[in-house]
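Form predicted on its own, single chain, as structure tokens, below.
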């Protein structure tokens, strides 16, 4: 049995048993489904994209209050020329709730998501509290008393009046959401989302607009919370501010973290565990302790400490490993047939593709680069060398858009790149690796390399959720596989990147850069950590790329490697160019010998 078959079996058993379950059990399953819908949004937001929010309960409130107002206030019905109690009003409330949640999330995200570190969760606490008190102080929302008398939902004339009937809708929406989000994460867009947590600089260099993606994930989580609030309001037929306070927001985050913040099904596990514990501990603990009180909160705190100590990824991965012992392993092959990706034409051989003129960079009183000039031509390997602290990596960051020069200009393929983000450099035709390897360690080599081809795909979130992007995804995977094989890592195709040796991780970065089909390739110490034979294989690959017409700029400390592959060399010392020329010319330059190569009395380094 496969994982998919087991899931389908579990859904079928739940559906078959639904009509025979006790009313109390169905009610609990309803609440678990509603809470899981919010928690799965937090999994996307916190576990996958790396943004912590304590304020999701406020978005649940927005969805609940929007439908409550349209369904109970005469003014809500009058807006659409309907009579009070019209069957369409709950659906108008759904549209209004989702629109309101998305709008508020977008506005709050534009401000809040600019914060980093502990300021971000503190910001979510602030607006979560603000919205909660807003609900209780607006008279047209009923104040702290709330709004009552919401109608039952009606679908095609059939009213969902009982919890058993509404529960079917709740779980159908939850399962469809899990399916859609799984599809999203298993796509080009999903790889970009996964890079937000630990690889934003790298993702920007691959062409991902990380600020835009963060906002989109934030809005997605708010929409799921608003949808949950809409169903909650019609389940309760009553809305007041109490279920949308900060404590409930913290509980939602508990559900995501305890279940497994990086796993979609962990949201369901966490919601079930916390909901059931809360229900039963409220009865058991007071009787055991002989006193009334919210003692379950103490247990939740202890549970959180236990999970963080023993199950840092949540409980779902441990449960999945246990179950997977008895299941067939999933098929790892994903590089099936697909249309060929568009190929970027390479510039004419010998033309200047990267031109840095009088580039300087100051960090306070430190002058890291001082009027550096460098040109890279199509069909050549240009090496940038110098001792540690010479300013090579700083210069690399400026000519790739990671950092802006204090003065000077950078032109890429004839275009002025002043004040442009690194994703714009990637779109124009530049790809790079990093001095300190930047990979998604818990993802496969294939997924890491496919991220490099991000700009060569065009499918959006909706297409990915509905699996309408499969042809394009197959083409991206085929291109990623081709570059992995070209770089000699075919046996490691489906291994996690973190499991590879450092030298192999550097080769993965090169394959990822090549997947972008760049005109200019920047390599920051690509041979570091490679054994001799792998260095020779890398040298042959770079020579092949040069013959194809690609422009390559290499920063490297291995002088034998540099002298054997480079057509021209620029030497930096203390942020200034002290020499430039062919390898033969540089090897005999007195300034280079004194500053870097260590030769004397006419001796040269081979």
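Numbering follows the first chain given and starts at 1. Remember, predicted model here, so these are calculated numbers, not experimental data.
Heads up, the form predicted in complex with a small molecule isn't pictured, but that's what we're talking about next.
**Q** Given that the partner is absent here, does residue 435 sit within 4.5 Å of the small molecule in the predicted complex, heavy atoms only?
**A** Within the cut-off, so yes.
**Q** Although the small molecule is absent from this view, report whether residue 234 comes within 4.5 Å of it in the predicted complex, heavy atoms only.
**A** Heavy-atom contact with the small molecule at 4.5 Å: absent for residue 234.
**Q** Would residue 363 count as a contact of the small molecule in the predicted complex, using a 4.5 angstroms cut-off between non-hydrogen atoms?
**A** The answer is yes: residue 363 has a heavy atom within 4.5 Å of the small molecule.
**Q** Under a 4.5 Å heavy atom criterion, is residue 291 part of the interface with the small molecule in the predicted complex?
**A** No, residue 291 sits far enough from the small molecule in the predicted complex that none of its heavy atoms falls within 4.5 Å.
**Q** Just one of 506, 392, 263, 188 has a heavy atom within 4.5 angstroms of the small molecule in the predicted complex, so which one?
**A** When the small molecule is considered in the predicted complex, the option within 4.5 Å is 392.
**Q** From the list 83, 388, 343, 116, which entry has a heavy atom within 4.5 Å of the small molecule in the predicted complex?
**A** That would be 388.
**Q** At 4.5 Å between heavy atoms, only one of the stretches 366 to 374, 414 to 422, 295 to 303, 490 to 498 reaches the small molecule in the predicted complex; which one is it?
**A** Only one stretch qualifies here: 366 to 374.
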